[in-house]
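One chain is shown next in structure tokens, namely the form predicted on its own.
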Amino acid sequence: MRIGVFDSGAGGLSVVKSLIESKYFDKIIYYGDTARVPYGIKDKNTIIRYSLEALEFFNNFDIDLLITACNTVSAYALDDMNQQSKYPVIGVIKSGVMAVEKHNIKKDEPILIIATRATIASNQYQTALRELGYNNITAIQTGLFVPMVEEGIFDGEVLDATMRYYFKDISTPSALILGCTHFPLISNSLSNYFNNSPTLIHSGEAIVNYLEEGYSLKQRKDKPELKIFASENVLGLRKIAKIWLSS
């Protein structure tokens, strides 16, 4: 199977890492819209327009499936992309919600969702969790984490101060949904902040589990061929990929 992965920037590489480690795919085409990152502060119509333009990019390749690794795109543009696509387009929100059930989080246990402003405002995670009977949900926008990850800040004083700012009124949750693909890069720091107590829901791991259930996948001996493209500074994105994918 040949698969495409679309993200607003570098964050989707955390999903690519999980896809590579699964060894289910022959080829992975990654496209980051680095010229217009982040999407999480943009309005719905702009997000949809950018996402459909990305879909046109992937039409240049022979792929079987496209993953929108960006949670903001998954929240706002998934239906529009599927209407215009020649292949299935899968988002990361549904798989993330399903992962909460897989980890046997009880219905009344506290769940914390952290994501960009647009993803939180969409209420996609909150609504899907409530439909499954979860009733103790807190969702906060933590957009400052995105540029920190882009700058390679995965721990340290600046990140610690930002976590204290965002989480000062938040009790330790049973599950912490990383509702942005940048956030797995700071997962150790997030876990440490909450005394390593919460179950972390990671988009990459969740989407692999989702694909395992929905598709007839067979593991290969070799890792897939990975090609990385960007709307701006592709060399910079490939440099980031070399660091992130080897960590």
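Bear in mind that the values here come from a model prediction, so they are computed numbers and not experimental data. Residue numbers here begin at 1 and follow the sequence given.
Separately, the form predicted together with D-glutamic acid (DGL) exists; it is not shown, and the next lines address it.
K.L.:
Residue-level question: is residue 54 within 4.5 Å of D-glutamic acid (DGL) in the model of the complex, judged on heavy atoms?
P.N.:
Result no; residue 54 lies far from D-glutamic acid (DGL) in the model of the complex.
K.L.:
Considering only heavy atoms, tell me if residue 89 and D-glutamic acid (DGL) come within 4.5 Å of each other in the model of the complex.
P.N.:
Answer no; every heavy atom of residue 89 is more than 4.5 Å from D-glutamic acid (DGL) in the model of the complex.
K.L.:
Would residue 146 count as a contact of D-glutamic acid (DGL) in the model of the complex, using a 4.5 angstroms cut-off between non-hydrogen atoms?
P.N.:
Residue 146: contacts D-glutamic acid (DGL) in the model of the complex.
K.L.:
If you check in the model of the complex, is residue 66 within 4.5 Å of D-glutamic acid (DGL), heavy atoms only?
P.N.:
Output for residue 66 is no: heavy atoms all beyond 4.5 Å of D-glutamic acid (DGL).
K.L.:
Residues in which of 163 to 171, 95 to 103, 78 to 86, 113 to 121 have heavy atoms within 4.5 Å of D-glutamic acid (DGL) in the model of the complex?
P.N.:
Among the listed stretches, the partner-contacting one is 113 to 121.
K.L.:
Report the residue, out of 37, 211, 29, 185, that has at least one non-hydrogen atom within 4.5 angstroms of D-glutamic acid (DGL) in the model of the complex.
P.N.:
If I apply the 4.5 Å criterion carefully, the residue I get is 37.
K.L.:
Scan 1 to 20 and write down, in order along the chain, each residue with a heavy atom lying within 4.5 Å of D-glutamic acid (DGL) in the model of the complex.
P.N.:
Residues within 4.5 Å: 7, 8.
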